[in-house]
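Coming up are structure 1 and structure 2: the same protein chain in two forms, each one given alone as structure tokens.
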Structure 1
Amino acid sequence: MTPVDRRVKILIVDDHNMVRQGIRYMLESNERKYKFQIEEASDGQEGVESAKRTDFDVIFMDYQLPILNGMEATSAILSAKPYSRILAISSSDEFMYIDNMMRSGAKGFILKNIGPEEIMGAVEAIISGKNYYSNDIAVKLISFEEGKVTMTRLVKLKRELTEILSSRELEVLKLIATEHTNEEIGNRLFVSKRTVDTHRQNLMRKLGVKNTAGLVKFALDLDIL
């Protein structure tokens, strides 16, 4: 991929015309480096249809959208074209939004207050197959402890939590995190405390922690209580 003569196809899905024009303007200020072909969509449904019709290099996707929201539109696009690269945009840095979009398969998340340089940085990262996050987003996501759990890992873990852990294990984890002993949990769930012990072992192994403290931290950090 040689940047200079590279034509980059962009789709902007956002219900605010002002935002679409803003992104377009910021992208086009870099026209010397790339040649952009930009399409727009003002609601989720329209975005999905555009994405099915054309192969875009990057799809900017707002979260709050009419008809289909950003999460639904992202899922729909990815189930039709799994290799689409979707960059979530939002004015809010609420963890829930971020997480929902990442779970839906977005490759990055940027805030609407970013400038032209950063928006190009995001586009270049996405094009070259990397993920991209606004600084504020990254800070929000990393904050685990001493860099042990990186953003990617935390996001990935939360996204795949229901794939990693069975529903029974989740149930046990919640009870552990709420100060119940194996025996109490066993009574509550009508199983032997040995069963609970096995779940506990599996939880520690799957989550890569050493003891109860680690399990509780995970439960709280991933907000599953």
Structure 2
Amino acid sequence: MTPVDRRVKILIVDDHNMVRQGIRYMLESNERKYKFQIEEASDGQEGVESAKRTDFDVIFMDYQLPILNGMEATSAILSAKPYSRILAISSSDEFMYIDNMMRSGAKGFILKNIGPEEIMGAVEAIISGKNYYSNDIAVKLISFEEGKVTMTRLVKLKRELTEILSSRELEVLKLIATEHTNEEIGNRLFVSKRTVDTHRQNLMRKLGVKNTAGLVKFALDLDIL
């Protein structure tokens, strides 16, 4: 066993005693490299007051807390001590929780079901100035970023679509995609079946598809119904 070479001050802010004791146990059972000095707080306000009194190396901050929630407590702590390193903890991977904590200044986000090894990895990352996310949280963030890219492209395509198609062609495309026949479309728009067929042919030419199925897929992919 290597000697302990650094003392690390930890604050655990959680309203469940079992969670606080669990994190404490995992840290104190792994004091090969660090000696942990651990304090606890059972609500957001108590956490803020503790953080103002003491300079902690890492603050474990639950999201759902009494009095002040994790986002509010994080913002209050960083307002008083901007250099504080706060690691969000939660039993939920709801993106709203993750986003709110990141926006308030947390340096990472972990789930309460992680084990001792990952707890230690998170602490080491945070005290060395890095961010840290549980695997499930990292996947969620990546998926969201990819979704934002997809949504941005979708908005761009929809804008381009309105530039290459007339308003009447867009109407016809929506009706085709909702399984209306030429006759039904004609009756609805007060035009002849032949005119509807002309619009259909123009749509296929402009959108680069070969048949009605291609038009339907295009409309569904762009969610223009």
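Structure 1 provides the reference sequence; residues are numbered from 1 along it. Please read all numbers here as calculations on a predicted model, not as lab measurements. The term rigid core refers to the most C-alpha atoms you can superpose between the two forms while keeping them within 1.5 Å.
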Quiz item: Pick one: is 1 or 2 the form predicted alone?
Solution: 2
Quiz item: Is there a C-alpha shift of 2 Å or more at His180 between structures 1 and 2 once the rigid core is superposed?
Solution: yes
Self-check item: Displaced residue check between structures 1 and 2: Gln201, CA, 2 Å or over, core reference
Solution: yes
Practice problem: Answer yes if the CA of Glu171 moves 2 Å or more between structures 1 and 2 after aligning the rigid core, and no otherwise. | Solution: yes
Quiz item: What Cα shift, in Å, does Gly214 show between structures 1 and 2 once the core is superposed?
Solution: 22.5
